[in-house]
Ligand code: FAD
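Given next, in structure tokens, is a single chain: the form predicted on its own.
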Amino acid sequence: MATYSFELYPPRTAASELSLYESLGELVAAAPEFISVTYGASGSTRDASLGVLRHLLTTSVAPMAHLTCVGWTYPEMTRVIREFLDAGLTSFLALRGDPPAGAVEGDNFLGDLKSAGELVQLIHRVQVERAPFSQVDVPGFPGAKRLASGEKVTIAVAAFPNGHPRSRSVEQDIDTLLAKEAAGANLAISQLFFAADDYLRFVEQARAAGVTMRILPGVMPILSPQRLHRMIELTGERMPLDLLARLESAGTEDAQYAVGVEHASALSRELLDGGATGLHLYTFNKHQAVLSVLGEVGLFTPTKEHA
């Protein structure tokens, strides 16, 4: 059975916080594999992100904390990682991060950590230093314990089916993904794309190159032309002209919503039929569209509200 997971971002206002926690309850009830929470560059959403993550720790769903390299020194990032680990978090998405607004190539916006691979290594190092050993029962000897390696962490990284904006080639992207796995990453989550073949081709090339970790496809229901333009601006992906035309001709918000859910559902079916082991759904802090998509592909039985 394929898995599914969700991504959301921390609230920035009291009204958005109320809306988020209403949707979060529905997302948790859907029993995903995990829910990831974004984290602003240089800790700009630190308290809000940690608040959502702490809330998830009280539920049955595993939280995944985003971390980026942008703006951090080694001591600062070490303190943040330890704070998250001490809070009970054992799952992370390690990202290089995007330059701040106005930065140009060559600016030293990253801080001490220069790549997601270095961040992966640092997370593992902090965890080993924090909890190098655990005690486990010895079978057949009641009360006896033996030492074992400490609790391991799950560290996900980003993958780019259509290439990172600063990459020279697909080969470079795959080499980078291999380096992240060698550094200790054990899961990859893909950047946004609009055609299943983009993801399936990338996975095939990555496997041929030696990447063994799971590569989850990132799927986003696009519910308006404005959101589509914004996503293209942020990711540098090619504009899906057919989807744009359908959204623009849909007219009402309800019709645009239906187009977006239909497109994401069709894409998800192709991905699963092509061998994807799960879906990672970008929620925009709303539950209805992503749960409708999961219902359309048979991974979840939505209520009337989600239909």
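This is a predicted model, so every value here is computed, not measured. Residue numbers here begin at 1 and follow the sequence given.
Keep in mind that the form predicted together with flavin-adenine dinucleotide (FAD) is missing from the display, and what follows is about it.
Visitor: Among 262-270, 63-71, 237-245, 22-30, which stretch sits within 4.5 Å of flavin-adenine dinucleotide (FAD) in the predicted bound form, heavy atoms only?
Guide: It is the stretch 63-71.
Visitor: Within 4.5 Å, heavy atoms only: does residue 97 come near flavin-adenine dinucleotide (FAD) in the predicted bound form?
Guide: Flag for residue 97 set to yes.
Visitor: Quick one: does residue 162 come within 4.5 Å of flavin-adenine dinucleotide (FAD) in the predicted bound form, counting heavy atoms only?
Guide: So residue 162 does not count as contacting flavin-adenine dinucleotide (FAD).
Visitor: Residue 155: heavy atom within 4.5 Å of flavin-adenine dinucleotide (FAD) in the predicted bound form?
Guide: Heavy-atom contact with flavin-adenine dinucleotide (FAD) at 4.5 Å: absent for residue 155.
Visitor: Would you classify residue 198 as touching flavin-adenine dinucleotide (FAD) in the predicted bound form, given a 4.5 Å non-hydrogen atom cut-off?
Guide: No, residue 198 stays farther than 4.5 Å from flavin-adenine dinucleotide (FAD) in the predicted bound form.
Visitor: State yes only if every one of 34, 219 and 284 has a non-hydrogen atom within 4.5 Å of flavin-adenine dinucleotide (FAD) in the predicted bound form; otherwise state no.
Guide: No: none of 34, 219 and 284 comes within 4.5 Å of flavin-adenine dinucleotide (FAD) in the predicted bound form.
Visitor: Just one of 91, 127, 205, 176 has a heavy atom within 4.5 Å of flavin-adenine dinucleotide (FAD) in the predicted bound form. Which one?
Guide: The residue in contact is 176.
Visitor: With flavin-adenine dinucleotide (FAD) left out of view, choose which of 186, 224, 115, 121 has a non-hydrogen atom within 4.5 angstroms of it in the predicted bound form.
Guide: Spelling it out, the residue with a heavy atom inside the cut-off is 115.
Visitor: Going by flavin-adenine dinucleotide (FAD) in the predicted bound form, which residues of 188-219 come within 4.5 Å of it through any heavy atom?
Guide: Sequence-ordered list: 189, 190, 191.
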